[in-house]
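A single chain, nothing else alongside it, follows as structure tokens in the form predicted alone.
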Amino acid sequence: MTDDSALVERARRGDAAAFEGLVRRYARQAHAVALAIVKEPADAEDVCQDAFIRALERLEECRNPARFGAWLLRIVRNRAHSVRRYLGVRQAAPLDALPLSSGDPGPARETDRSRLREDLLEALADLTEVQREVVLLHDLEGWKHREIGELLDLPEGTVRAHLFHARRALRDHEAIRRSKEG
């Protein structure tokens, strides 16, 4: 696998495939960061598209090509904050905007998945913005505490604390939901 610095250098020389490789490498992480901030999947996709375009236009400004991912995700965060300010905070994300896995689920399975998706979005909405970012990057994308801290300009211990509190809040949300069902 080609490292980021080699891809950035090739992209700077006009190699579209190299930049496409960077986009593929960081698309999921960029979407997770954007979604944590704007809360709306469609807005998160728009943020990512804007951020990738901005990154391409400003690729020469990336001082440390080996850390392209962190540089890009800062662009994503900044763009997401701008979009959130512009749109205002929305209360809920449309459930039909979230992708379903391939296969042919039956009606009961589809209903369960829809309910699970709704519960997860509701639980994530109850977290603070930084808790959402930390839990999505760590648990969904597999980032290390140190990497998240560098991205968010937080000490590693603070990242660990945010992750702990986010997970506890998600467990509490699940316990409340189950008690209402039973």
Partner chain sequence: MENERLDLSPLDPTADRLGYERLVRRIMDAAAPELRRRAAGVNPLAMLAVWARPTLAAAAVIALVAIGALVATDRVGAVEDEAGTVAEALGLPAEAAGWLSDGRAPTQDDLILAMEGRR
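Positions refer to the first chain, counted from 1. Note that the structure is a prediction, hence the values are computed from the model and not measured.
The same protein also exists as the form predicted together with the partner chain; that form is not shown, yet it is the one meant from here on.
Within 4.5 Å of the partner chain in the predicted bound form, a heavy atom is found for every one of Ala11, Asp46 and Arg63. Residue-level contacts in the predicted bound form: of Ala70, Leu154, Val130, Leu56, one residue has a heavy atom within 4.5 Å of the partner chain, and it is Leu56. In the predicted bound form, the partner chain lies within 4.5 Å of some heavy atom of Asp139. The partner chain in the predicted bound form comes within 4.5 Å of no heavy atom belonging to His173. Contact annotation: Ala27 falls within 4.5 Å of the partner chain in the predicted bound form, judged by heavy atom distances. Contact annotation: Ala125 falls outside 4.5 Å of the partner chain in the predicted bound form, judged by heavy atom distances.
In the predicted bound form, the partner chain lies within 4.5 angstroms of at least one heavy atom of each of the following residues of 117 to 134: Arg117, Leu120, Leu121, Leu124, in sequence order.
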